[in-house]
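Have a look below at one chain only, the form predicted on its own, in structure tokens format.
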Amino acid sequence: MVTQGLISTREDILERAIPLFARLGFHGVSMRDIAAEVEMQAAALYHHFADKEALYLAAMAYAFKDKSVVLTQAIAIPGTPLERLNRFVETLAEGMGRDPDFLALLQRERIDGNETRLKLLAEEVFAEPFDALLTLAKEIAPAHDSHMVAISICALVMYHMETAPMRRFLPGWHTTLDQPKFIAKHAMALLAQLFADGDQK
């Protein structure tokens, strides 16, 4: 019973810390800020997390844990390579669209560029779905570098999400263009054409 209480408290801390880190960044949030948000003494946070970096990494892992599983599963479901890619692209777009805090965390972390945190995030959070995508990329585009293909697939979806606040001020924008399903469909149309052109060469 005590263990369950500790788990609930830890998850509550992570759930409340994620929006703070997303809004203010790693350096803009203190353990005191998080303690105030969860209404506990700052010293009590160290019962759950060794330091702010440990809390931050746990928050990132917590924010992505469900996405990691569903992205990996999207590729694992049997189908043609393009069908599996389509499921991955749709799942990625929908996941990013539903969770602006996670998208903001990714943007902030890339800008901050802390090598230790980036390495841990890559290894502990993103490695499994990316490995599955890497294998799929080898099937779809065997003549190209699989790492670059996998990165390009992710970038094609995520860049649309990341630039949404600015794109609405550009000519030709309308609300449909920000819908995850539309972004996924657009990305897949480009990818399918690209891979089809590659097969013909």
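All residue numbers refer to positions in the sequence shown, first residue = 1. Note that the structure is predicted; figures quoted are calculated from it, not measured.
Keep in mind the form predicted together with the DNA is missing from the figure; the text below concerns it.
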query: If we take heavy atoms and a 4.5 Å cut-off, which stretch out of 143-151, 66-74, 43-51, 157-165 is in contact with the DNA in the model of the complex?
result: 43-51
task: Indicate whether T135 is a 4.5 Å heavy atom neighbour of the DNA in the model of the complex.
output: no
message: Does any part of M31 reach within 4.5 Å of the DNA in the model of the complex? Heavy atoms only, please.
response: yes
